[in-house]
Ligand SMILES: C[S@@+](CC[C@H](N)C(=O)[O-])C[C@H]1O[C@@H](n2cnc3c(N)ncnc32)[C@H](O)[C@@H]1O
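Shown next as structure tokens: one chain only, the form predicted alone.
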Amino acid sequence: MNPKKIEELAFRVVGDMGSAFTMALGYIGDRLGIFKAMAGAGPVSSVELARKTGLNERYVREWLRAMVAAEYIDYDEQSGRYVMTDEQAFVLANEDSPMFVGGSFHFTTPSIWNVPKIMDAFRNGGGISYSEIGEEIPLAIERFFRPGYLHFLAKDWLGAVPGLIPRLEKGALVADVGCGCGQSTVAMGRAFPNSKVVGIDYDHRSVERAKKLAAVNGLSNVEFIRGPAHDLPRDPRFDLITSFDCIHDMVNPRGTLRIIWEALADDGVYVWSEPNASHNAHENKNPVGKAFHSISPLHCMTVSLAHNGEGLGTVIGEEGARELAREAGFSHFEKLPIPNPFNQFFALRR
């Protein structure tokens, strides 16, 4: 045996243990508002921060020490106070930042709470239905994906399809399949007021949040359907159909893609995103690939297998997407030239 390789693996496991505990503490900081309380506050002591947040000082002090060790916040040795820089606040506390990661904390910890149920599925098959995955999960997923929808969807992602933006500005019929809590649907409705955007999702909690989001934004050109993809209207057919990070979760992804093919106008385009990774796990030995593969049995795969679905898992890659598109009947498949570390985007036509 190679002693160096043994040591490297052992230390990698210890590092991952620290990362897991850090994510749990990040969840606490996010959900209890500690990160936001530090943003713009300047140097603070644990006593001052505990008073500001109404939390127990001893726990706040130990949380701060862990965040310093994790390099999430800074410590001023001279004053003995803790500091959140503008850059750290941009990532940890600003919900409207394109780099906000609160959704990562929010999604990770509640997902791990399901491990006992996942172990049962390992033994007996089946899975955890999305409706039973946990009350926090829909909101966590919304917060995880919101920065991309808010900052990049309308201009950069859809703008990568030649001629699509002018068509949407003039007025088009759009469907957003697997819309979740409606952030992507509302982003398109807000950007293109002359277009009508229909979001569809089968989770009632998500659809109710989506309707409230559209109402808050005062959008009359957005509507939501609660139901599976086969409830998508076929007449008139859609000029644009989108699905963001959800086809791999589907119980019947091939059937869903066939429905999208049927609902798409002859000159329409289907814009589809999937995690930015290869279908070969050995090609994904990087932090992003590690995250995608790790969440798969805990979320993406299990919500499909819970209903005897295909259980594609989180990572299907471009090759997997091309195969599914071909089976659904699409004659044109293009990977869009969008530089994004987390997602890859495809444009499909009938």
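Predicted model only: the values in this text are computed from it and were never measured. Numbering starts at 1 and runs along the sequence shown.
Keep in mind that the form predicted in complex with the named molecule is not shown, yet the notes after this line are about it.
- Interface membership of residue 210, defined by any non-hydrogen atom within 4.5 Å of the named molecule in the model of the complex, is ruled out.
- When contacts are judged by a 4.5 Å heavy atom cut-off, residue 244 counts as touching the named molecule in the model of the complex.
- Taking non-hydrogen atoms only, residue 179 approaches the named molecule to within 4.5 angstroms in the model of the complex.
- At a distance threshold of 4.5 angstroms between non-hydrogen atoms, residue 136 is out of contact with the named molecule in the model of the complex.
- Comparing 222-230, 158-166, 111-119, 275-283 against the named molecule in the model of the complex, the single stretch with non-hydrogen atoms within 4.5 angstroms of it is 222-230.
- Only one of the listed residues (270, 238, 145, 82) places a non-hydrogen atom within 4.5 angstroms of the named molecule in the model of the complex, and that residue is 145.
- The contact with the named molecule in the model of the complex, taken as any heavy atom within 4.5 Å, belongs to 149 out of 192, 100, 149, 72.
- Although the named molecule is not shown here, in the model of the complex the stretch 319-335 places no heavy atom of any residue within 4.5 Å of it.
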